[in-house]
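First comes one chain, alone, set out as structure tokens in the form predicted on its own.
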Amino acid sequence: MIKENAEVVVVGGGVIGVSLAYGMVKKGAKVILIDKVDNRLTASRGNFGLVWFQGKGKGMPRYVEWCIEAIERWPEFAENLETETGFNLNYEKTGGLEICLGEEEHQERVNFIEEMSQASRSGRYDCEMISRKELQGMLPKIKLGKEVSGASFCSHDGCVNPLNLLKAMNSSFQQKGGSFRPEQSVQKIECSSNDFKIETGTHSFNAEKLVIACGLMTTKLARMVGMKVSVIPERGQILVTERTSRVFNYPTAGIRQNYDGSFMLGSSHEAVGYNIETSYEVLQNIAKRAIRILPSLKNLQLIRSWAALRVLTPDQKPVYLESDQYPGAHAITSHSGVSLASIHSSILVEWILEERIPLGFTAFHPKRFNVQEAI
């Protein structure tokens, strides 16, 4: 068995694990990043690529602030990664839309923004409603469907190429001296007073600190070091069209036009366990809604579709936890790994390496679920 030592071992080669490992080597830490054997269409490789704020944070004002801070860091974060690696992240901060069909959806969106404003610490939520006329004015090159009643707009929102983001962070991590060990599935974790031993089928890794950020495997591995972190899978499906001229300049949660001109359409929210098969009925519904919003999409050929699994906590907000039983072991999970990459690679790294606890950080502790259950 091959033995390796490091200051930190990060388990999980998706966007969260890589962003943490990348941030740690920038701080000078000796880091080994390990990833599992099977990486088929994980959340990091199958997502929509949104760097997104609107719609997030209901019931947790601290998460709203966390998202804003992450997005404010994104331009510099993206620029640094591109300079370090030469990868083009195709990051655009144009602002984003949530387009409403019919008056009922429009009113639901109005109510949501008002509720979020009232719950926020500042008394406002950085998202505004716009009329159908205003929306059409923002999209002069494409005609809206007759059912479109308006939209919400958030200037913080944007999008990125998620695959290039993942590649760039991993590339920079290794350039800066980090060690990447793919095809390593963790079988056992042993804890002592001053280190952790992580065993796979072929390797044994020793480290002073351990970070578990491995998506749907987080629950199982966190339990090995005395932490209870509940996550469940949710399937999302996406369609991609042929390339065409750029006519849609603002991403939405269900429609975005890529830098190459293709449209991405999605996405569904399905409780189907670990099934990553695509479903004709679901894909058809995704396409139908997109065409109701932008009728000209019906003229484009569909060239690709896929399904991937989101990783969700019970309230769909992040969990950041250090083990009480085995200090130095951390568990990190969030379904907003792309949007939060800038803050995961900075503030979260300082928490792990230097024990610098961010203000209001207890909001992200999983004990909040026990409180909810008691109520």
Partner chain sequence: MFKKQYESHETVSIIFEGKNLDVEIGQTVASALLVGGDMVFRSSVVSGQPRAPYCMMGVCFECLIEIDGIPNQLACMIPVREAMKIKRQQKNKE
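Positions refer to the first chain, counted from 1. As the structure is a prediction and not an experimental result, all values here were calculated from the model.
There is another form of this protein, the form predicted in complex with its partner chain, and it is not shown here; the text below is about that form.
Quiz item: Where, among 204 to 212, 239 to 247, 111 to 119, 70 to 78, do residues come within 4.5 Å of its partner chain in the model of the complex by heavy atom distance?
Solution: This holds for exactly one stretch, 239 to 247.
Quiz prompt | is_contact(E103, its partner chain) in the model of the complex, heavy atom dist at most 4.5 Å | solution = No.
Quiz item: Does any heavy atom of Q301 come within 4.5 Å of a heavy atom of its partner chain in the model of the complex?
Solution: It does: once its partner chain is placed as it appears in the model of the complex, Q301 has a heavy atom within 4.5 Å of it.
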